[in-house]
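Just the one chain here, laid out as structure tokens, in the form predicted on its own.
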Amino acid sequence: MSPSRAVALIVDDSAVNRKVLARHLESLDIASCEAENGREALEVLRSGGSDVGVVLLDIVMPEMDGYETLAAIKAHETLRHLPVIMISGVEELDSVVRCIEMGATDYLPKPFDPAILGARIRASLAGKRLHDLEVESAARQAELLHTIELQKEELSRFLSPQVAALVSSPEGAQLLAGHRRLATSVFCDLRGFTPFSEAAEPEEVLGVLREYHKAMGELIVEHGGTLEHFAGDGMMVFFNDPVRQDDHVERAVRMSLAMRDRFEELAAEWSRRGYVLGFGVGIDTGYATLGRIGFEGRYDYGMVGTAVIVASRLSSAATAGQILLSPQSHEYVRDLVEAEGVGEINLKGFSRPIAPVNVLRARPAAASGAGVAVASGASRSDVTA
């Protein structure tokens, strides 16, 4: 039979009745298959019943009657939505009610009216097709959701978790387009990396960078930072975007302190291999524009503003072990950290010197969870760029 034609399963113990129904179905361009009783019908449906669009079921049959067959079909996980039309010589109202309550689509007495039977069969087939489309649509939606989750998981391997989530979120488009917000920028890189990379084998350099990036990357995620990029031995991280963080300056400082501690562990191991490297950090806070930067096929989520430049210049000026904090950032965490002045520094590109501080350690009160919230209300900090 052609797979494009609808198929009806005729279940009747009378060969004559089955033949009559089959001829009528053929006139309606509906293919048919047959079963002599309910047990045989269930075997047909379970073994290859996916092509069957409707069941024409007699009631009075040996071995397994129509009631038992109907109950079995409706109890089966994959068959329960199959339309079943009862065609029987039993015309009692109780029988009709019983079958409808059990889930039969319709009930027609024998002898049946061909026109009515044809209309009922076509309506049942239409309902079955609609149900199949709904199931297919639900399956596609589930597959799409699964694909999105896999894509987000894959994105999180290449982007900061916050940015990976932003890409697939409803509000992401507006944020990606560009907005203005108070944010804290952190730059950090290695001291002595250039001499090390000149003397070491490329495989050794790559191995050190992988260890360094892995350790620092874990701390970035732990403190809720957004990684803009790795650039060799350097990296840029910012806070308070795309996820709002009232304590973004404190987070930046705590991350930097944790990075310095972790770096000391790495440096001790590297020293045993003959590698001498240091670690410096620069931090600044200010209003900036954040959003998508790059070109078609290669985009990043970035921060643009004076705070980025100042943090970068401070990182370059920091000696091994220093975390240079700009005066603006220091004001937010003055009571949370112990710091020492390093005098005024002339930063490249700025006409006036800056007086940063070197963060030595967190104060005990800060370690217990006290903090200073940084105002970042929407009235000033969120402006579409």
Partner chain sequence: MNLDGAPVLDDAVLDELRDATGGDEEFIVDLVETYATEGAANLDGILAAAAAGDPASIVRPAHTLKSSSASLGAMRLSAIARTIEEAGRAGVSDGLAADAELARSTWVETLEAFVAAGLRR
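Numbering follows the first chain given and starts at 1. The model shown is predicted, which means the values in this text are computed figures rather than measured ones. Note that the rigid core is defined as the largest set of C-alphas that superpose within 1.5 Å between two forms.
Separately, the form predicted together with the partner chain exists; it is not shown, and the next lines address it.
Participant: Which among 38-46, 347-355, 56-64, 320-328 is in contact with the partner chain in the predicted bound form, heavy atoms within 4.5 angstroms?
Facilitator: Among the candidates, contact is made by 56-64.
Participant: Using heavy atoms only and a 4.5 Å cut-off, decide whether all three of Thr78, His131 and Arg140 touch the partner chain in the predicted bound form.
Facilitator: Verified in the predicted bound form; spot residues all out of contact, no.
Participant: Does the 4.5 Å heavy atom contact test between Lys110 and the partner chain in the predicted bound form come out positive?
Facilitator: Because a heavy atom of Lys110 falls inside 4.5 Å of the partner chain in the predicted bound form, the answer is yes.
Participant: Find out whether any non-hydrogen atom of Glu198 is located within 4.5 angstroms of the partner chain in the predicted bound form, and reply yes or no.
Facilitator: So Glu198 does not count as contacting the partner chain.
Participant: Mark Glu136 yes when one of its heavy atoms lies within 4.5 Å of a heavy atom of the partner chain in the predicted bound form, and no otherwise.
Facilitator: Answer no; every heavy atom of Glu136 is more than 4.5 Å from the partner chain in the predicted bound form.
Participant: Taking heavy atoms only, is Arg363 within 4.5 angstroms of the partner chain in the predicted bound form?
Facilitator: No.
Participant: Determine the residues of 178-211 with a heavy atom within 4.5 Å of the partner chain in the predicted bound form and present them in sequence order; the list may be empty.
Facilitator: None of them.
Participant: Just checking, between this form and the one not shown and with the core aligned, does Leu117 shift 2 Å or more at the CA?
Facilitator: Passes the 2 Å threshold, so yes.
Participant: C-alpha of Leu108: shift of 2 angstroms or more between this form and the one not shown, rigid core aligned?
Facilitator: Shift of 2 Å or more: yes.
Participant: Answer yes if the Cα of Leu28 shifts by 2 angstroms or more between this form and the one not shown on a rigid-core superposition, and no otherwise.
Facilitator: For Leu28, whose C-alpha is compared between this form and the one not shown after core superposition, the shift is 2 Å or more.
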